[in-house]
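A single chain comes next, written as structure tokens; it is the form predicted on its own.
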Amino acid sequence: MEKLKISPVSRIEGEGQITIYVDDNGNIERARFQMLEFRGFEEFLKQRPIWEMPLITSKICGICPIPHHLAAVKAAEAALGVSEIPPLAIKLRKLLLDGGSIQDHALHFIYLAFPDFVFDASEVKPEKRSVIGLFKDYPDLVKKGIFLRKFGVTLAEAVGGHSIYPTTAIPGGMSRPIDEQKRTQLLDMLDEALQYAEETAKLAWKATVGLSKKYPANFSSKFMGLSRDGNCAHYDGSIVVIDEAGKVNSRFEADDYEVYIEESVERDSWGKFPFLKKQGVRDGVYRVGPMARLNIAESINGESATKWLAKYKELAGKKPNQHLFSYHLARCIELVSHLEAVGQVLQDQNITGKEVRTPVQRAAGEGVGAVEAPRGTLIHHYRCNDKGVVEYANLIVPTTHNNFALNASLAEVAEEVVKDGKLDDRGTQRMEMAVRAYDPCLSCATHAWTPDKKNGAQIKIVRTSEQEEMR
């Protein structure tokens, strides 16, 4: 057996590689995306006060610290028995989450993914497929991306206290409100940001439709994401899973995730591999992220985003959109929606009010918090003693939710691009394009690798004949 390796995969967050296993007859046996980093956050969160979780877990990643900050504080509140927090605090947390998604979606589509579309259209040399090459040929697009990132970062700093690692979400609410000067500054930037987001969505539409026709995809899966009364939700709501036909497979609250989701560990990756417990490893594969959220959603915030959602739904008809490159379009539609949502909130002068926190008492308990990160559903689960010290922690991050699906997508592309056991530059690019569509964040995804028998963690090393076949 021969191994074809692409290492490292370029233009992703973190260090990973693709390994394609080719048998002696030149046939593809399997393809794997392998995470090469190990960080172990689930272990060193233990024996720390639970109110520190929002601060510590935000350091998991400098790309998407905000979702970790908010999922952690929601889990901490559940563990400490906090039943209500001020409505204004919830609005501020949603604003903070919007800011994180705006900067992240702009970063990924314009700087990491868009060079793929340029390459696909014009067959440029490999050295041109980078931010530097993009800036030479598309300077206006790069500058617009910088502005969108600036808006998201400015919003995150105004609400979260810092441009990268937020500190303001605390058990019981927020440590401080947003001030009037920041509100005015953001409103002054909003129209320009919305204009650029619309232009980005148009680019994504053209690219997605073109690539979907050129590269048909047969792999299909279930989808999972937060939904609130049918609306695309990011901060709160129930977790919904739909099947390949678009019918609801299951609907549950974050507290019950262990009933529905099982986590397995593979030999060749530091990332965990979740699947739907009742369906098993083979049939329980699902995807999360922008494409999943829009496939599940019946509605979305924002007038312009609502029109884009209708166009998105038309691409696949009555069934969920399954094409891998639709992730890019969905990401840009969400970018528009986040900006429209921000405008709705900031136009209300009451957003600068002072009632942002409810006092919280130390207590023993167990809690789960879930939010939608840019890449998909993020789950934090903690158990603490009566001193508020964490004794158990489990994190399921979006990149690991997608692990099985990502490998399946890679296997499908490998069948197309590997010829006579060889992989040329164009084939390498196609394999990397498949990875970048999922936008994996490997800093987030590398947490635990063995079961914690002492504290009864739900991580299991699953090795069934069914799973061996999938490998």
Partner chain sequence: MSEQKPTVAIGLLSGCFGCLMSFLDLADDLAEVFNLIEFRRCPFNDVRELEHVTVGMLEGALSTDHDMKLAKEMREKCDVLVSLGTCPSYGGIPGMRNFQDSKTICEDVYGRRVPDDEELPQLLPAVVTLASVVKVDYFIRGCPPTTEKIKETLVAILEGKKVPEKTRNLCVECPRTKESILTPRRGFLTQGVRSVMELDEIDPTRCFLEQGVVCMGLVTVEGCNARCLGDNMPCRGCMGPVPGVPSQGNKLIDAVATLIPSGALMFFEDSVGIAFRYTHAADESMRK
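Numbering follows the first chain given and starts at 1. Values in this document were obtained by computation on a predicted structure and should not be read as measured data.
Form predicted together with the partner chain: not shown, discussed below.
Stretch 361-369 is the contacting one of 251-259, 297-305, 361-369, 88-96, since its residues have non-hydrogen atoms within 4.5 Å of the partner chain in the model of the complex. A heavy atom within 4.5 Å of the partner chain in the model of the complex is found for exactly one of K387, K311, R282, K247: K387. Among V418, A437, M35, A411, the residue placing a heavy atom within 4.5 Å of the partner chain in the model of the complex is M35.
Using a 4.5 Å cut-off to the partner chain in the model of the complex, not one of F117, A201 and A233 places a heavy atom inside that distance.
Taking the partner from elsewhere, E340 is found to have every heavy atom lying beyond 4.5 Å of the partner chain in the model of the complex. Using a 4.5 Å cutoff between non-hydrogen atoms, L107 counts as a contact of the partner chain in the model of the complex.
In the model of the complex, D191 stays away from the partner chain, with no heavy atom inside 4.5 Å.
The closest non-hydrogen atom of V265 lies within 4.5 Å of the partner chain in the model of the complex.
Taking the partner chain as it sits in the model of the complex, the stretch 1-40 comes within 4.5 angstroms of it through a non-hydrogen atom at K3, K5, I6, S7, P8, V9, S10, R11, I12, E13, G14, E15, Q17, T19, Y21, R30, Q34, M35, L36, E37, F38, R39.
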